[in-house]
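Only one chain is shown below, in C-alpha cells, and it's the form predicted alone.
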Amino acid sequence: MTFRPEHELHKRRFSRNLGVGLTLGAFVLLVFALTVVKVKRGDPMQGYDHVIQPEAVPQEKTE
C-alpha cells in the first residue's frame, strides 16, 4: 500500500493553521506574563462585590 502525495491545498492549510496556532500561543503567553507580573508586584486586588469601598472613593483635599 502506497501513500498518495500530499495535495497543495493541505500544505497551504497546514501553513495557515500553524500561523493561527502560533498567534494563539503568543497571546496565551502574553496574558500569562501579564498575570505573573500583576501578582508579583503585589498590587491590592479586590473583587467587586457591589459594596462601596471607602479607599476607592476619591478624597477631597483639605487645607
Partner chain sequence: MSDTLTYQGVTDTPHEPGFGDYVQLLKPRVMSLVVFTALVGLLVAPVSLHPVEAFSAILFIALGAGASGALNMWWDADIDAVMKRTQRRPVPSGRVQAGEALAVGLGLSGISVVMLGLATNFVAAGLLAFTIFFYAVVYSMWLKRSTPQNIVIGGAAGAFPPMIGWVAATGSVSVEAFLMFALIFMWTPPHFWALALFMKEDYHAAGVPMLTVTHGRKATRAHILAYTLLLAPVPLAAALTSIGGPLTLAVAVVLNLWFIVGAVRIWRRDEVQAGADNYAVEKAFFRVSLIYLFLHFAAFLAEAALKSAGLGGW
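Numbering follows the first chain given and starts at 1. Everything numeric in this text was worked out from a predicted model, so none of it was measured.
The following text describes the form predicted in complex with its partner chain, which does not appear among the structures shown.
Using a 4.5 angstroms threshold between heavy atoms, R41 counts as touching its partner chain in the model of the complex. Its partner chain in the model of the complex is approached by G19, whose closest heavy atom lies within 4.5 angstroms of it. Taking the partner from the other structure, its partner chain in the model of the complex has a heavy atom within 4.5 Å of a heavy atom of T23. Taking the partner from elsewhere, S15 is found to have a heavy atom lying within 4.5 Å of its partner chain in the model of the complex. Residues of 6-38 lying near its partner chain in the model of the complex, listed in sequence order, are H7, L9, H10, R12, R13, S15, R16, G19, V20, T23, F27, L30, V31, A33, L34, V37, K38, the criterion being any heavy atom within 4.5 Å.
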